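Quick heads-up: the structure tokens below are two forms of one chain, split into structure 1 and structure 2.
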Structure 1
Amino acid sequence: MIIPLDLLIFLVLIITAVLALSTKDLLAAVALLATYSLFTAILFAGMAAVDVAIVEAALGAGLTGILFIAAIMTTTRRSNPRLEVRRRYVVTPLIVVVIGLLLYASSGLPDRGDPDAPAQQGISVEYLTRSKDDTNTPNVVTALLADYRSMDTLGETLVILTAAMSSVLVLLRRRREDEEPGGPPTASPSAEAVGPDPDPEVGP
């Protein structure tokens, strides 16, 4: 971890976040969010958390952007008008208060890499010292995820599968509802209603 580099990355993170929120073009916002994720991944890698970094780079900077683009393709590229001014007077102080609370709480956290920190005590010592002999796996994170805590990983995989299944159910049902009212009985009146409209527009 190099402090000036970290500060620079944090600066870039804040700038990209503000730009992503303020831009009206959603495609640009998606690109900015991907940049944000990429710099977060660099930050994680700088803290020697390479497993987290690679997932952040793959998911945050890669796939989430693609899914957002897919969503934009089916909806619209322009964002709606901003929050009404009166509501902003409530939201802004709330955000400031929450940020202040989080900063105050973070001052109570142990230093990074502190051997006396609660997270370094207890069961994690066991995992760190035994995983190589127990599982022949030099990467402790993999041994933890797929062996010691494989039940958690099973649950996570189930969550992702559930997300895929529910997106299929929600989106396909919505589509079917869109199509069925426009089926054979009602199709002809609506087609007649739509039919004359394009002509005046095409004419000029």
Structure 2
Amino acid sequence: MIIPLDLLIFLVLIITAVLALSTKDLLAAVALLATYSLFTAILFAGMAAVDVAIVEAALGAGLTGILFIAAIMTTTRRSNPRLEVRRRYVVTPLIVVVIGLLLYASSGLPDRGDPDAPAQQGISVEYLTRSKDDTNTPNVVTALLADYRSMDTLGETLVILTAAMSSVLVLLRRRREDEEPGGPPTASPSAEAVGPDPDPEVGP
């Protein structure tokens, strides 16, 4: 059953998401997105998903925010004005429909912590009963992430590393492109080959 604290966090998430999409100051938008990730981590922690909460807080509110701030410092802090305002009349109803479908689908979910829920049956029971013997690890979450799903965890780490390296390369390239116009002008090869034009007024 949803408790009032969950409803409050859900309301904060909606407000921060709307403000992040509507603000024209990109640095303020990054701060709002980091707040969104932080409250999402709190929501995950309240659902006893501590490992997911730690990842969300470290990456969503931490590393991703740093990369966004670095991109803003090397580009611009203000967003371009939106020319087509009519798209809002198409996107807004779609957002309302998606939210309504999500709320309708979540109404049939079992209560949190229900031992008879489908998520608590099947493979979950096998992990809880066999993880200590299979991995010699007392923490079931650590056994899942570092042993049973070790290749999955490695793939997620590679995705994060690739995204960070790509962001750094894009920022470095943008910085070089910004510095090139300010450098000393260079003559074109064709002009150097032809040489200076002779003055028609000066005789031999």
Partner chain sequence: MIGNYPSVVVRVISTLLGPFIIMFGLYIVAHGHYGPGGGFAGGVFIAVGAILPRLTLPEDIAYHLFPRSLGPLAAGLGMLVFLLIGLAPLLVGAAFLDYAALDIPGMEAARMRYLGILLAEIAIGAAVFGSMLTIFDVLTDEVRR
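For numbering, take structure 1's sequence and count from 1. What you are looking at is a predicted structure, and each value in this text was computed from that prediction instead of being measured. The term rigid core refers to the most C-alpha atoms you can superpose between the two forms while keeping them within 1.5 Å.
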For this session: Would you check which of the pair is the form predicted in complex with its partner chain?
Result: 1
For this session: Look at T64 and decide if its Cα position differs by 2 Å or more between structures 1 and 2 after superposing on the rigid core.
Result: no
For this session: Using a rigid core alignment, state whether the CA of I99 is displaced by 2 Å or more between structures 1 and 2.
Result: no
Exercise. For V125, is the C-alpha shift between structures 1 and 2 2 Å or more after core superposition?
Worked result: no
Exercise. So if we fit the rigid core, how much does the CA of L158 shift between structures 1 and 2, in Å?
Worked result: 4.2
Seminar exercise, completed: Cα of F10, core superposed, displaced between structures 1 and 2 by (Å) 2.8
